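One chain comes next, on its own, written as structure tokens: the form predicted on its own.
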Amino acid sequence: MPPITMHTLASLRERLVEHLDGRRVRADVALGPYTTFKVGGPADLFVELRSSAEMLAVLELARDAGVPVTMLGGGSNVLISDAGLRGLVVRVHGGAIDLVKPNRVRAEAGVTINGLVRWTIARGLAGLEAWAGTPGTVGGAIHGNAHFQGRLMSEIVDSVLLATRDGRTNELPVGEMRFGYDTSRVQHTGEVVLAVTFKVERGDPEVLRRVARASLTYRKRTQPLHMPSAGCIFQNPHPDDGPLPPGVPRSAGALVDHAGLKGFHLGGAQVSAVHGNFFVSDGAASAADIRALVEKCRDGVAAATGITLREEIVYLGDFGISGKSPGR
């Protein structure tokens, strides 16, 4: 793709303002406030969308302008570089939830997981209550196939409505989404999640609320929810990654702890003392601090155990690290 010029960005901004409320289209916007880590440099252009229809229109405008698009949902599980992101950053927040069949609920990509959980519980629909407390949006959860306590989000998905970057749509059954641990089809195709249909069944709202409260209690006890964090940094090791040290479970956090790095500080970033696979910011951390801490822990675990951990977190932007992937 050719370099993005100021004229190209200005022209795209004018077209976006024509289609959306101008207050939702901004230039040179700091992205830190839109992530759970609270770090990240500016976007050339930033737009906030609320529906699938708006998404399709914006994708078409960006394609016609030749400007790359980066999708941002709830801002969890990502680390945006201090240099920021070039082109257009689209934040999808909000959208519709509908009961499309007695046992199927459809939610647009910008709906938060917590909002969807509350909606289903209020209507006595079971299936999503254990996901209470999950950060981010439906679209983000599908992109990375969110997991919690051994369960994968894909287990309750029926189908996904996708859009290509040129605005064509396609509804795929769950079997064609190539879901795996921390992965899905859209990480490889560049498609955008527009909406998801979930499998549900009837349930007692009070029972569902108890399950949701138990999930929230567990998260509060085991995760540093009081500090800026992106969620788990590393994937848990695969069985074929090598033997584990005696007494250490197949857990990335346990391996970081075994390597003596739990609580380790680097700049304004720290490995949480609550959970070794959560990194937190003291409020002054840069993206470079956090990325360096990730490298430190991965190298430390490899030296101590022979196991090389893979990142679960997604890097967005230029981190200036030769040979490293800039993320999805």
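None of the values given here were measured: they were computed from a predicted structure. Numbers for residues come from their place in the sequence shown, where the first is 1.
Although not depicted, the form predicted together with a small molecule is the subject of the following passage.
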Q: Indicate whether the candidate residues L72, V78 and T137 are all in contact with the small molecule in the predicted bound form, with contact defined as any heavy atom within 4.5 Å.
A: yes
Q) Does H143 make contact with the small molecule in the predicted bound form, using a 4.5 Å heavy atom cut-off? A) yes
Q) F278: heavy atom within 4.5 Å of the small molecule in the predicted bound form? A) yes
Q.
With the partner left out here, check for me: in the predicted bound form, does some heavy atom of T197 sit within 4.5 Å of the small molecule?
A. no
Q) Are any of the heavy atoms in V256 no more than 4.5 Å from a heavy atom of the small molecule in the predicted bound form? A) no
Q: Spot the stretch among 217-225, 239-247, 98-106, 170-178 with residues whose non-hydrogen atoms come within 4.5 Å of the small molecule in the predicted bound form.
A: 217-225
Q. Only one of G231, G94, P205, G87 has a non-hydrogen atom within 4.5 angstroms of the small molecule in the predicted bound form; which is it?
A. G231
Q: Counting non-hydrogen atoms within 4.5 angstroms of the small molecule in the predicted bound form, say which of V314, L20, L9, A304 makes the cut.
A: V314
